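Single chain ahead, written as structure tokens, the form predicted on its own.
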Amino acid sequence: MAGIKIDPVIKGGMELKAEGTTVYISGCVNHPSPGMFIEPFITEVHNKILEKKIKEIVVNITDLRFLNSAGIRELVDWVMKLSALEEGKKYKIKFLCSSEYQWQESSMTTLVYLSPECTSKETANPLE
């Protein structure tokens, strides 16, 4: 099964890219409307996952120093869109967080509670 490859998006202090079955989100997002560039990227990722029938992906945010509430909302919308799919089309998202950033732990834990059947969280220690 082939993964996905999407051209990187570098805007608003962050970089978004997708390679294989991993989505990388890095940088620092203070942009007042990050949905302008996050939402189209997530939509393309979501559609490619469905098209290629990928069953699990990793969203690596270990290099994401800060994501404002509007950016977190884009991730919430993605999880809710995933949860609304019919059973045969659903896939799993594993959020890979860094123990270096406390906001990741709290925000991603809450995000996983929205759809525990479709999401999970793993915390990586940056010293490992």
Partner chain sequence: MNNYTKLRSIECGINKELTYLDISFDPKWEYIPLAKSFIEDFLTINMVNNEEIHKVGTAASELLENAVRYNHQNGIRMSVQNEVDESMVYLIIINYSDEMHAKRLLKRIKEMNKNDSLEYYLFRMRESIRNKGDSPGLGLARVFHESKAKITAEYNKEQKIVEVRASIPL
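Everything numeric in this text was worked out from a predicted model, so none of it was measured. Numbering follows the first chain given and starts at 1.
If you look for the form predicted in complex with the partner chain, you will not find it shown, but the lines that follow are about it.
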Among the candidates Leu67, Ile49, Ile38, Ile93, the residue which, in the predicted complex, approaches the partner chain to within 4.5 Å (heavy atoms): Leu67
In the predicted complex, the one of Val45, Leu82, Ile72, Ile57 near the partner chain [non-hydrogen atom within 4.5 angstroms]: Ile72
4.5 Å heavy atom contact, Thr110 and the partner chain in the predicted complex: yes
Touches the partner chain in the predicted complex: Ile10 (any heavy atom, 4.5 Å): no
Gly88: touches the partner chain in the predicted complex, heavy atom cutoff 4.5 angstroms: no
Heavy atom of Ser106 within 4.5 Å of the partner chain in the predicted complex: yes
Those residues of 16 to 30 which, in the predicted complex, come within 4.5 Å of the partner chain by heavy atom: Asn30
